[in-house]
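Below, in structure tokens: the form predicted alone, a single chain.
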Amino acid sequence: MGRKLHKSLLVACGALAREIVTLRQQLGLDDATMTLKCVPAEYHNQPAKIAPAVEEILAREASSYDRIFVAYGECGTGGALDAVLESYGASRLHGAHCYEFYAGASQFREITDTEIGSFFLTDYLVKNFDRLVIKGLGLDRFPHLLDSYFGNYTQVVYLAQTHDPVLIEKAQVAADRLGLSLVHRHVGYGDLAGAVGILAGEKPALVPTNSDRMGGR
């Protein structure tokens, strides 16, 4: 007799891990029902590493699960992530990146149409601003590069998952450090909540890969 398959494998950006764990708890799920594997959040600044890291996890884990979902947007991989998902029959969240699926496509489009020079933060990025933005971009060592990175931005848009005054204050500090104004919008978990909920249910697919969207298999 073959090994019994777990229900679902969720491969996620490390920047979404806390939110996914919270959603999983709210749904009363355990690791046997929905297993979470994370890719380092630092790859947020190194998108070329995302697809190979996801593929490494899927190559090791995919055969043990009957459903696979990847909690990423396209995230600057230039189609490489979708190619990996296609080969494993996996799906991902709609949108270019986490900002879009947190805000929802309509609200995200409204923000960017109103002000194209928007730099986005989430709860995770506010909490880890120094590590992922300042140190991640080398601005702690080369502060003169600030204008090169952020000279074309006009505002920081904090897409908040929680109602936390401390994080709003930290977002303001981050915006001040970049010399930008702050816009705060509470968006909650956005499309991520629905995706985790569907993955916990009985529907076999969440979000189509590129070929599915174009009428493929």
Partner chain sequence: MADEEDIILRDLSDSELIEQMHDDLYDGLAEEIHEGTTILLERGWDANLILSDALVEGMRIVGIDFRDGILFVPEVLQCADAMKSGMGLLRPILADSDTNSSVGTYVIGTVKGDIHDIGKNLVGMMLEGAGFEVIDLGINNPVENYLEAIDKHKPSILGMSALLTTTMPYMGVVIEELDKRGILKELPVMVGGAPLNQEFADAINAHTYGRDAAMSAELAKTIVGRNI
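Everything quoted here is computed from the prediction, not taken from an experiment. Residue numbers count along the first chain shown, from 1.
Note that the form predicted together with its partner chain isn't included here; everything after this is about it.
**Student:** Find the only residue in Ser148, Ser181, Gln26, Thr162 having a heavy atom within 4.5 Å of its partner chain in the predicted complex.
**Tutor:** Checking each option against its partner chain in the predicted complex, the one that comes within 4.5 Å is Ser148.
**Student:** Among 185-193, 62-70, 152-160, 169-177, mark the stretch whose residues have heavy atoms within 4.5 Å of its partner chain in the predicted complex.
**Tutor:** Partner-contacting stretch among the options: 152-160.
**Student:** Contact with its partner chain in the predicted complex for Leu132, defined as at least one heavy atom pair within 4.5 Å: yes or no?
**Tutor:** No, Leu132 sits far enough from its partner chain in the predicted complex that none of its heavy atoms falls within 4.5 Å.
**Student:** Using a 4.5 Å heavy atom cut-off, state whether Gln46 contacts its partner chain in the predicted complex.
**Tutor:** Yes, contact at 4.5 Å.
**Student:** Give a yes/no on whether Ile111 approaches its partner chain to within 4.5 Å in the predicted complex, heavy atoms considered.
**Tutor:** Ile111: no, not in contact with its partner chain in the predicted complex.
**Student:** Even though the partner isn't displayed, in the predicted complex is Glu86 close enough to its partner chain, meaning a heavy atom within 4.5 Å?
**Tutor:** No - in the predicted complex, heavy atoms of Glu86 and its partner chain never come within 4.5 Å of each other.
**Student:** Any residue of 68-91 with a heavy atom within 4.5 Å of its partner chain in the predicted complex counts; write them all down in order.
**Tutor:** Heavy-atom contacts to its partner chain in the predicted complex: Glu74, Gly76, Gly78.
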